[in-house]
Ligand code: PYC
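The chain below stands alone, shown as structure tokens; this is the form predicted on its own.
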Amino acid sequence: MSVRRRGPRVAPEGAGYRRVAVVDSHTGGEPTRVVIAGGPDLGGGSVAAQGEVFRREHDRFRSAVVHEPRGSDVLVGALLVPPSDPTCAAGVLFFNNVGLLGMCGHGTIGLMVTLAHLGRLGPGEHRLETVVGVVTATLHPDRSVSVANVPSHRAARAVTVSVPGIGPVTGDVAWGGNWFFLVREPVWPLDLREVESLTDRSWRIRQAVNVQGFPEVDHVELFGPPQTAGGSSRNFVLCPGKAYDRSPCGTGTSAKLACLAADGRLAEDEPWVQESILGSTFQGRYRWVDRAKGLIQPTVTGTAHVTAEATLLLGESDPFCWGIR
């Protein structure tokens, strides 16, 4: 299904400003800023190819959108681009305060609600082309969104690393659209008041994991017992740029489902309610794609809320036009 081209238009260039139209939302507390007009020309081709052009030639645009003074370290950007797959409603590049992302679950949920808000798509199933492949997102009549993520798997089980200042830490390495180290032991209390200490521990763990054989891991996920009725687990997710995820993390939930499936702890289509450090929740389910290879198809369901429509002004005379970083 094609995206219907309606919604705000960018005002003409003028007064020395480049104008960029955005719509902001949050998914379970985690913000997404969708660039709907005014982005750079990436030359077409696959979204993966456009992502490489974006990474190589337009990093200052990324910085201008998500960094201060217009954004913050926690903000995730989503740039709408033409899909190369004609069956896709849209192509999207996700990015954060340090660079381009592979897939972003909370961002996909925010994107779908944003496109619905703009009148560009209605309830139903829609395919989206991302850097790491095509995902399917279903907009339900109640505006909740289910994201059938890229195939996910566990790459290594019960890896123990020595972490300076902490000691031995054991966890799994798994792919859910991004690479995660999911900590099994030790288990720390996951309380919002402990964010600084949780961030410090998670950052130390990531550095140790990277040095000790898994340089691709850029997310660390801690787990504890749920604190809301009906929850299966509570998590704390540290993202690549050292900001913690306010949502339960869609790709992190996908990686968790892959580990649960591999361990035989969760049956196909059995719900898993992942709770964030804020108490917001995603519901996850999976089906097997290839048992022999440990590949699953995870589906994550959550809700998002639009918070703003805005025009960013990029003026070359502004010393911080391209962000503070």
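All values derive from a computational prediction rather than experimental measurement. Counting begins at 1, following the sequence as shown.
Below, we turn to the form predicted in complex with pyrrole-2-carboxylate, even though it does not appear here.
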{"query": "Partner proximity in the model of the complex: L222 to pyrrole-2-carboxylate, non-hydrogen atom cutoff 4.5 Å", "finding": "no"}
{"query": "Touches pyrrole-2-carboxylate in the model of the complex: G250 (any heavy atom, 4.5 Å)", "finding": "yes"}
{"query": "Touches pyrrole-2-carboxylate in the model of the complex: S152 (any heavy atom, 4.5 Å)", "finding": "no"}
{"query": "Non-hydrogen atom contact C104 with pyrrole-2-carboxylate in the model of the complex at 4.5 angstroms", "finding": "yes"}
{"query": "Stretch from 138-146, 193-201, 104-112, 155-163 whose residues place a heavy atom within 4.5 Å of pyrrole-2-carboxylate in the model of the complex", "finding": "104-112"}
{"query": "Position in contact with pyrrole-2-carboxylate when the complex is considered in the model of the complex, options A208, V173, C239, V169, heavy atoms within 4.5 Å", "finding": "C239"}
{"query": "Any residue of 27-43 that, in the model of the complex, places a heavy atom within 4.5 Å of pyrrole-2-carboxylate", "finding": "E30"}
